[in-house]
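Here's a solo chain for you in structure tokens, the form predicted alone.
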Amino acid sequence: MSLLDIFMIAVRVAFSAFIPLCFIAVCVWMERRGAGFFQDRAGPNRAAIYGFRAAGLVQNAADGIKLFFKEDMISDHIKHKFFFVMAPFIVFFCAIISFAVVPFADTLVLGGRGYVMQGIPMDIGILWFLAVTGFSVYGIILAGWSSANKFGLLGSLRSAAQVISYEIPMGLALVSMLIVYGTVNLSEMAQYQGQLLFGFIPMWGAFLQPVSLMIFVIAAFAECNRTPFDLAEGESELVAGFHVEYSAMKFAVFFMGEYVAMFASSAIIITLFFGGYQIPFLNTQALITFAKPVAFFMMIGLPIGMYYFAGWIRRNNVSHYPRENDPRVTEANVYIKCFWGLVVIIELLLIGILICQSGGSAAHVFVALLQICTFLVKVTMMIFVYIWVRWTLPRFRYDQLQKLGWQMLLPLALLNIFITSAVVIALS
């Protein structure tokens, strides 16, 4: 095994492990700022380090430090302490490894060898995701049962019933997608979506299977226990449900597991229905062929975009009342200088792409980086949809949740399979 092989394995594993962890802070920040926006309030904007608020991100650090140093309480009435401690780690671990099979860029060719850009390259792709996400419910059940608390137990039972109810429509929605794609390999699914339908419509799953998209997204909300399917936590009924007895870092692990699961499910939705890492109208081969023109247009567009972004930062970093030597203006100037420095670095890299040989290793690496950025932007947009729904829709009643899953989504998913099969057979 060459040094390049070892390096690529390390890059893939590091991306699959650390990007979801980094997105915990991003998701918490988006949740709070999104809640502030939808509720017409400021959101987190007070916690600061030497006057730097980082648009509210410093609040995440403050909360993390608080939870880390908080006293870890385990009540005397809890008899099964081993299961009580293990439960949050099962939930968190399952959320992390569910993302490991998601491709974040097309196969990278270096030195005549191809490197699949997944944490764990495997052919069973989507089946791995279903298996791991289904297993995560054991952590929730163990948490409620081992807590020896009736509210925790009710929350865990609700979660188990919810997962059973919504994994079936989710699996059936995937059957329709598998009929279209003809594979369970997520990399092949993403590559398939790089084509064009009728020569001008991207062949994304959202266009080919809109009904499957609707069913899968609803089921994903239920799998992640996100509003309006957060009955397992139900503060107004179960005082936080299955994690009511947890405190300090064990509660934080549950909290982080929820956001990692949200990131992983967003990545799966993007990969199945929105082209994954694919840039609309520019598949991998087209990007490699036109790498230099793309780099040239990026060189022109980045400074223009940064100019308007800097103006937006200045307008939104001013105190609401007149202040001499306004610290927010100073803070904004520092951020703008940092962003301009980043733009200069990217411009130098783009100049390197223009100098290098067309279609060479530099072009392949450039295309892979573009696709990774595209993938992360799409995932961020899907995460915003999760947040949007949470602060827009009220929680369902338990009977409404079960009725939606069994009486509406399940028959609709079965009907969609029959129609999809008929259309595919007729066209083939």
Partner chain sequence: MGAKVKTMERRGSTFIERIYLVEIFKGMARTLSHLLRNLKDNSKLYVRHYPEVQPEIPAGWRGRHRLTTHDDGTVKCVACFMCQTNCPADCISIEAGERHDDKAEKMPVSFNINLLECIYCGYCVEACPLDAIRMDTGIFSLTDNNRQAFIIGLDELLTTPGAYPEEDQKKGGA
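Residue numbers count along the first chain shown, from 1. What you see is a predicted model, and the numbers here were worked out from it, not measured in a lab.
We do not show the form predicted together with its partner chain, though everything after this point is about it.
*Asks:* Would you classify Asn325 as touching its partner chain in the model of the complex, given a 4.5 Å non-hydrogen atom cut-off?
*Replies:* Asn325: no contact with its partner chain in the model of the complex.
*Asks:* Is Ala48 close enough to its partner chain in the model of the complex to count, meaning some heavy atom within 4.5 Å?
*Replies:* Ala48 lies outside the contact set for its partner chain.
*Asks:* Heavy atom to heavy atom, is Trp312 within 4.5 Å of its partner chain in the model of the complex?
*Replies:* Within the cut-off, so yes.
*Asks:* Within 4.5 Å, heavy atoms only: does Pro44 come near its partner chain in the model of the complex?
*Replies:* So Pro44 does not count as contacting its partner chain.
*Asks:* Counting only heavy atoms and a 4.5 Å cutoff, which of 54 to 62, 360 to 368, 374 to 382, 32 to 40 contacts its partner chain in the model of the complex?
*Replies:* It is the stretch 32 to 40.
*Asks:* In the model of the complex, which of the listed residues (Met214, Cys356, Val116, Met298) lies with a heavy atom within 4.5 Å of its partner chain?
*Replies:* The option sitting close enough to the partner is Met214.
*Asks:* Kindly indicate whether Tyr321, Trp388 and Trp391 are, all three, within 4.5 angstroms of its partner chain in the model of the complex, using heavy atoms.
*Replies:* Looking in the model of the complex, the three residues Tyr321, Trp388 and Trp391 all sit within 4.5 Å of its partner chain (heavy atoms).
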